[in-house]
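Only one chain is included here, represented as structure tokens and corresponding to the form predicted on its own.
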Amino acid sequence: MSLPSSAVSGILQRLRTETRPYHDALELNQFNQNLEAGTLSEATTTHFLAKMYGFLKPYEDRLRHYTLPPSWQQEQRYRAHLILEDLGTDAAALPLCPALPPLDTLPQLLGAMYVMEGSTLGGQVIARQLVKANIPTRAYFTGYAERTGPMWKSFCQQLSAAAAPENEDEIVQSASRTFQHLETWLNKA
């Protein structure tokens, strides 16, 4: 999904550039390695989804403490329930990540949202790989389905509008920490 050149400047460019090492490290998890090698299995997919739920659920619980303007489409951005549907399990059966990055300020929340909303784009790539591997497509990986691109674009516009010189560093630091915490959680046995 390409964005207008004005939307790519400023905070979005900083986020892409400054979080790249953490994003790359995150992609070194076993699930992504199996995905790239073409050795993805149902068991690996299930394990990955369970781990994602363990991070996503506490993140979404924290997100619910904020009341964002309606233009953020906050209620539509919750996706942890999709993992429960995909796994056909009860939430109590899945461990939760005990160490989220701080989400005490709006800039910290925006940095974390950048990571989690960006995962909807990556999820669509994964969904296509699941089809190739003859593994049933999972609702979590389809993001917002045909609305994924527009929802991402809307988020980027909202983020760009909310960013200001005095809070950009905090947004970038939060995104970096979110990538780091997620990478640690996914790679923990």
Ligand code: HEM
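Predicted model only: the values in this text are computed from it and were never measured. Numbering starts at 1 and runs along the sequence shown.
One more form of this protein exists, namely the form predicted together with this ligand; it is left out here, but the text below deals with it.
Just one listed stretch, out of 67-75, 108-116, 95-103, 81-89, contacts this ligand in the predicted bound form at the 4.5 Å heavy atom level, and that stretch is 108-116.
Proximity to this ligand in the predicted bound form holds for all of 26, 35 and 182, with the criterion being a heavy atom within 4.5 Å. Although the partner is absent here, residue 125 is a contact residue: one of its heavy atoms lies within 4.5 angstroms of this ligand in the predicted bound form. In the predicted bound form, at least one heavy atom of residue 52 sits within 4.5 Å of this ligand.
In the predicted bound form, this ligand sits beyond 4.5 Å of every heavy atom of residue 164. This ligand in the predicted bound form is approached by residue 121, whose closest heavy atom lies within 4.5 angstroms of it. Contacts of stretch 151-177 with this ligand in the predicted bound form, defined by any heavy atom lying within 4.5 Å, are made by 152 alone.
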